[in-house]
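One chain is shown next in structure tokens, namely the form predicted alone.
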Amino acid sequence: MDKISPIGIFDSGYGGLTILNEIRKELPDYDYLYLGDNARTPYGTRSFEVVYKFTLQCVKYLFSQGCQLVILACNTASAKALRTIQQSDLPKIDSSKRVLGVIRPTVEIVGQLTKSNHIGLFATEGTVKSNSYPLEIQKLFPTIKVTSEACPMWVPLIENNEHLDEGADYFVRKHTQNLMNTDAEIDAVILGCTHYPLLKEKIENALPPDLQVISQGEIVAKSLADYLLRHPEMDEKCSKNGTIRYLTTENPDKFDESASVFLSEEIRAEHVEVE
């Protein structure tokens, strides 16, 4: 294929880089285009209407850059915008294009991870308020009880590169204790924000030792590989030159510096305007 048709990866900020990193490990031959809407982050505290509007603008931008398939590597966007985009917007834009999220792949494996049928969820306020995880889990596993805990300080700690400091321990302990005090039978916890894997070690240390902590990167990557295997018509549209470009709606120098918290490689992002 002469024309570059990368897989688009979208996030409101930097957390989607943890998803991109795992996808590239699983599918290294493909081309990728990452777009961070860093100028308008965070999405977690915004209304459904605003998140939907911003997410649709970014999806359309990625489509304009040749993407046939876009992954919303953002739990808030997946919770508040994905379904409307899939059902209402894609038929009008181009019914052959696809937009996928990170919630469904995570939910699909939950049944394999709990023996007590009690699951915990750490997420942003927006994802918790959307009730997306409990609703999706209920559809597939009606006997599983989900207890959610919003963790508003975790993303700022990570984006300011303070997540490894002792000060972060207080906020991790606060929310892990809140969760376990609400339901002591929880035996597995979903990290329902793409930033949270950077706190995974602290979270695991603050929880009971036999409790499973589930981060999304590997799950989403394997789900995408399976999707492309099951949809060869889409796989054929995705170009495979092993390239990656990074776009940001913010200052690219700031993006490059902050992205180093999430990726172990030097990158050069490009600034774009999304409307």
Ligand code: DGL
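Keep in mind the model is a prediction, meaning the values are calculated, not measured. One rule holds for the numbers: they count along the sequence shown, beginning at 1.
One more form of this protein exists, namely the form predicted together with ligand DGL; it is left out here, but the text below deals with it.
Contact check for Y43: a heavy atom falls within 4.5 Å of ligand DGL in the model of the complex. At the 4.5 Å threshold, heavy atoms of V155 reach ligand DGL in the model of the complex.
Proximity of C193 to ligand DGL in the model of the complex falls within the 4.5 Å heavy atom cutoff.
Although the partner is absent here, S132 is not a contact residue: none of its heavy atoms lies within 4.5 angstroms of ligand DGL in the model of the complex. Screening 167-175, 110-118, 194-202, 180-188 for residues having heavy atoms within 4.5 Å of ligand DGL in the model of the complex returns a single hit, 194-202.
The partner is not shown here, but in the model of the complex the stretch 107-144 reaches within 4.5 angstroms of ligand DGL through a heavy atom at T124, T127.
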